[in-house]
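Quick setup: one chain, the form predicted alone, written in structure tokens, and binding and motion questions come after.
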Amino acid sequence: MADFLEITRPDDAHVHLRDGAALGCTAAFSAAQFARALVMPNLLPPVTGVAEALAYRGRILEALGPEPEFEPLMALYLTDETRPAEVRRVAETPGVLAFKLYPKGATTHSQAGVTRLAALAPTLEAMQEHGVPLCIHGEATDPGLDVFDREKIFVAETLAPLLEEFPGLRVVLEHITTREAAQFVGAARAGVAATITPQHLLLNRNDLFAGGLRPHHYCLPLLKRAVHQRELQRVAISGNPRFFLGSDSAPHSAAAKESACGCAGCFCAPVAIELYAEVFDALDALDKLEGFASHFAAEFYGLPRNTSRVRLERKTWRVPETIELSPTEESVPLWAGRELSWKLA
């Protein structure tokens, strides 16, 4: 049994860094773990244009201080008003990589999300033409649906027709949670990929209620049955480059998570690569971690592989119960108070 593991420094293909007072904390945790991260645009107001994305990127770099060893890569928020001209600007702007599709009402800060995808056909055609990826929060939002079926229905009724209509569109189905999504991506045409979070690999829906309601395990899409968790684990360790690391780290204050209407999202950035190592080790697949964490996202987005390396050591330690999110707020990280067997050196 090896006492350490060295891999190419990983990338996070899906992270929420927030803004304002918390940004220094959230950016620092991601920078400590990853070389690059694709930063989600669902701020208030959302980041809908290249100019706003570059301004946000500037705030991230400023929060990290001089010469950070971290590159924030930006996504724009797709709305009903997004036009092909903005797609062309993305294609021409280094450091701005993709658009993020939030169906309106699907998750945190999705109020400005898309209401009718068909009306965006010219914009999607421009994305196809310019090779700009579309990152998708893949859930149907009909309030009459069972909340645990929202991803499965979106894949069948929205994603499958979208890929047929736009055969050259590059798509990432973000933070997949179901067997149906994993199998769909695995069998899809070229140019389709998916991210997988540590929480959906480590937990299933029983963990939402273990010992009482667990608000810090509440995320969207929701945790699913163990059968879906096992399928996510299978594809994550398969070596299939369609599946790669996207933490979906989404920090909220403890008070916001524990309120009557708790916020959705798991703050996993402080321990992300250790959590993934825990899963891959338990599945006897540590040799597959480097591809999943460090190579496959870069290949999908046309980025060079990172040249630096990181070292994980086999070491039992306890995740802190809370982490300071800002001078006035604390956040509860994923796996708070529990032991891990791997530590980033």
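These numbers were taken from a predicted model, which means no experiment stands behind them. Sequential numbering from 1, following the sequence displayed.
There is another form of the same protein, the form predicted in complex with a small molecule; it is not shown, and what comes next is about it.
In the predicted complex, none of the heavy atoms of residue 233 sits within 4.5 Å of a heavy atom of the small molecule.
Contact check for residue 108: a non-hydrogen atom falls within 4.5 Å of the small molecule in the predicted complex. Proximity of residue 248 to the small molecule in the predicted complex falls within the 4.5 Å heavy atom cutoff. The small molecule in the predicted complex comes within 4.5 Å of no heavy atom belonging to residue 120. Residues 150, 206 and 224 are none of them found to lie within 4.5 Å of the small molecule in the predicted complex, as judged by heavy atom distances. Checked against the small molecule in the predicted complex, the candidates 220, 202, 140, 185 yield a single residue with a heavy atom inside 4.5 Å, and that residue is 220. Shown without its partner, this chain lists 256, 264, 160, 91 as candidates; in the predicted complex, only 264 has a non-hydrogen atom within 4.5 angstroms of the small molecule. Contact with the small molecule in the predicted complex, defined as any heavy atom within 4.5 Å, is confined among 234-242, 160-168, 100-108, 140-148 to 100-108.
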